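Single chain ahead, written as structure tokens, the form predicted alone.
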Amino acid sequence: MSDPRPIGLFDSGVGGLTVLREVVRRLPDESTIYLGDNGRAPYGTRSDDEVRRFSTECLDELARRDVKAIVVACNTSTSVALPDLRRRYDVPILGVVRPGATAAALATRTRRVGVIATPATIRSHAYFQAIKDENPFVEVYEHATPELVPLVEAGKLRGQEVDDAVRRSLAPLMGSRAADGEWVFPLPSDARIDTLLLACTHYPLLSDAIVAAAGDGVAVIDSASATASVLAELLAVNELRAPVGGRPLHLQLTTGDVERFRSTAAILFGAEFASVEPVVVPAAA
């Protein structure tokens, strides 16, 4: 059996496009509908009640469009709202926390993992618990980095402002380095992480700056490719895969500025997904 209906993907903004990119690469026959709630981003500094309400309104929109499965490609929404969302809809719903946690637990050699995320995600301790579920002996160091999502939503992906913000954000986990590369306050070797998990789908868009700030010897992990692999398994097990050799359709929706969204999407997809449409969800009207 096969199912040609699209896969729905949802994020608070443009960050989930990194997950969409991996889904399209991993599942080239599948159609997709992506909804970015840019008009109300960032979610990470909002209350849990707001995150749950906004997430529900966006998934209601995807459900109205008859998607066969939904990827909540937003770490904050996954951390705060996923159980409520799964109870509300009768389609499979996949979050990004568990795949990312599994990838980080497998990657670490010293069993010391740093997690950077939005304040709401860190407040939930979802990644701490998920990594501990994978390997109870891994030490997990969580740190909120609220500067980073607004940069991505503003289309600022590289440059001195980005480099400075990333260094400031990582300093509590990595120590701090001066412009000449020397450590200003190096952490002792037995406290340094060897794996850094980007627990927000916006952060891979800043990967050049993050990798440079983390330095050699630190594996930088994001959940996009792991999530796409889990999605592929979910579709196969539930006989929801699209027919092979079809012509997949891809629709991108945003509650925010269409041109700003399109410019960021073009960085990831070129002209492939040139069409971006505005959408209004109830509280964003």
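Numbers follow the displayed sequence, beginning with 1. Note that this is a predicted model, so its numbers are computed, not measured.
Only in words, not in the display: the form predicted in complex with D-glutamic acid, which the text now covers.
Not displayed here, D-glutamic acid is approached by Cys200 to within 4.5 Å at the level of heavy atoms in the predicted complex. D-glutamic acid is not shown here, and in the predicted complex it never comes within 4.5 Å of any heavy atom of Val80. Although the partner is absent from this view, Thr195 stays clear of D-glutamic acid in the predicted complex, with no non-hydrogen atom inside 4.5 angstroms. Within this chain, Ile122 is remote from the site of D-glutamic acid in the predicted complex, having no heavy atom within 4.5 Å. Proximity to D-glutamic acid in the predicted complex, taken as a non-hydrogen atom within 4.5 angstroms, holds for one residue of Ala209, Ala105, Ala130, Val149, which is Val149. Residues placing heavy atoms within 4.5 Å of D-glutamic acid in the predicted complex fall in a single listed stretch, namely 41-49, out of 231-239, 214-222, 41-49, 24-32. Contacts to D-glutamic acid in the predicted complex (heavy atom within 4.5 Å) from stretch 55-85: Cys74, Asn75, Thr76.
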